[in-house]
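Next up: the same protein chain in two forms, each one alone, written as structure tokens (structure 1, then structure 2).
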Structure 1
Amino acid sequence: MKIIGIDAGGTSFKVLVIDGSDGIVARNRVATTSPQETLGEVAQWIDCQKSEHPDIAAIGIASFGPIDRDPASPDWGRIGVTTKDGWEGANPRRALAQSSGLPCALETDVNAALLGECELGAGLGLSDAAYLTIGTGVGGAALVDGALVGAPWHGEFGHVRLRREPSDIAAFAGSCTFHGDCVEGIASATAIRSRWKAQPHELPDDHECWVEVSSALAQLCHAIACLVAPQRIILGGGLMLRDSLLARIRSDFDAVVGGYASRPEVLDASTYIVRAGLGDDAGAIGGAAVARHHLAVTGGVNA
């Protein structure tokens, strides 16, 4: 049995065909433009894969949000208020279920990525873990005793507010259109481009940008450790491809923790805060995990 896993991101849709025994057997990437154009291109590719792989059983989507992630809701899969032009009100889950005729399940991108990491990646075997994605935006998810927190809704980890120095507040108010200097408004790729007028990959490791980004992300990790007490925090997303950033975050996290924690794992940032093990495929692999769960619960009903 094969599953289609989709990482529906603000920049592109990454689509995988995943076989339970052979791993990834096909992949595609479609630019995120308008819902009609993007979903239409994804649907065409899925149709081609169904012809080549007739044992494809379901689709699982890991989507940017905010989204309605409640399977009992008539609007399951509907995207809410978003900064992505044209996507508010779109429902990629319903559109792909109708075009493919396959059962189609959906989760937030970070929830699905966390499930994927705990199934095959850096969180393998953990029942209590958190995941952050740091890229165009900042999002997060957490498992507590094997269950995603917030059901049937989802948290907005990237919009946690920060402690900042007055001089830095005066220099940059933040890029978030809702909160200004929340974590996303300071530490996302969007914020970096807004403040420093450069792409993140263009800035050297010793640029002052990374001081602010690391501080913001370490504060968010500390808030997660205090509130959820996971066994591990996993960091993914495009910005985490920079090797030096992980070391900075760990160092800043240790300073913020100050030797006080409810569980011993928190006191060793070198093993407590880790890079995602599935890399760029985490969201799509997590989407496949969501689809398998949906099949197990519903028996394959195409809602």
Structure 2
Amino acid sequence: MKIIGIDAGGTSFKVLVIDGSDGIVARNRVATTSPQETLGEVAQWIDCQKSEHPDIAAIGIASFGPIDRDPASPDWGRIGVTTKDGWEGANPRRALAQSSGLPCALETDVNAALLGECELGAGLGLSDAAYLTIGTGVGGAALVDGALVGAPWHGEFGHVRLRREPSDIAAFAGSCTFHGDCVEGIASATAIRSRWKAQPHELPDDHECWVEVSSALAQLCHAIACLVAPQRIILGGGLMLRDSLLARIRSDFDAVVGGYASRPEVLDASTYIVRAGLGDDAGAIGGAAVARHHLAVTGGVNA
């Protein structure tokens, strides 16, 4: 059985045909312009793939948001208020289901990434896992006994409040429009650019910025361990490409935990907090995982 996985991003749609045993058997990338043009081009490519691979069983989309992620909603897949010109009100899930005649499932990009990691990546086989992406913003997702938290809505992992050093509070009010210095307002690439007037990748490993970024992310991981108590926390996103940041977060996390946890996995950050295992294809693989997740849960999805 093959699945089409789509990473629907603000810059481009990446589309993969994934075979359960052979992995990725075809790939394409389509620029995100207007819904008509982009979805039309994706639909056309899927049509070609269907004639070449008649065992394609479903489509799964990992989508930028905000989206209606409720499979029970008549508007499942509809994009809400967005700065992305022309996309408000578009429904990539419905459009591709109708054009292809295939069942088509959709999730937020972060939820999809977590499902992908639990199917093929750093959370292989876990029923209880959390995922954070640290890039332009900070987002997250968690599975409890195989179910995504917050359905039919989602969590706001990046907006947890932090304890900060008084000198940091005095120096920087944070970049979050809603909360100032929540996790996203301190530890995202946007926050780093705003406070240090530099791109994160330009700042060396020993730059002072990483002290507070690491503290913020370790505090967020600790709140997740306290409230969701997953088996593992997986970190992805552009900022996590830096090895020294992962090492700092683990060290800060051990200090915040203070040797106290019910779940024993929490007590060793070196195995509890890990880097995402799927690379550039994570979004599209996550999309395919969404399709399989919905096929497993519902035994099929409506077009």
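None of these values were measured; they are calculated from a predicted model. Superpose the two forms; the largest set of C-alphas matching within 1.5 Å is the rigid core. Numbers given to residues start at 1 and step along the sequence of structure 1.
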item	value
Chain form predicted in complex with another copy of the chain: structure number out of two	2
Core-superposed comparison between the two structures, residue 79 Cα displacement 2 Å or beyond	yes
Cα displacement of residue 47 between the two structures reaching 2 Å, rigid core superposed	yes
Size of the rotation between the two structures [smaller rigid part against larger, C-alpha superposition, degrees]	19
Cα displacement of residue 291 between the two structures, once the rigid core is superposed (Å)	2.9
Value in Å for the CA shift of residue 9 between the two structures, taken after the core is superposed	4.1
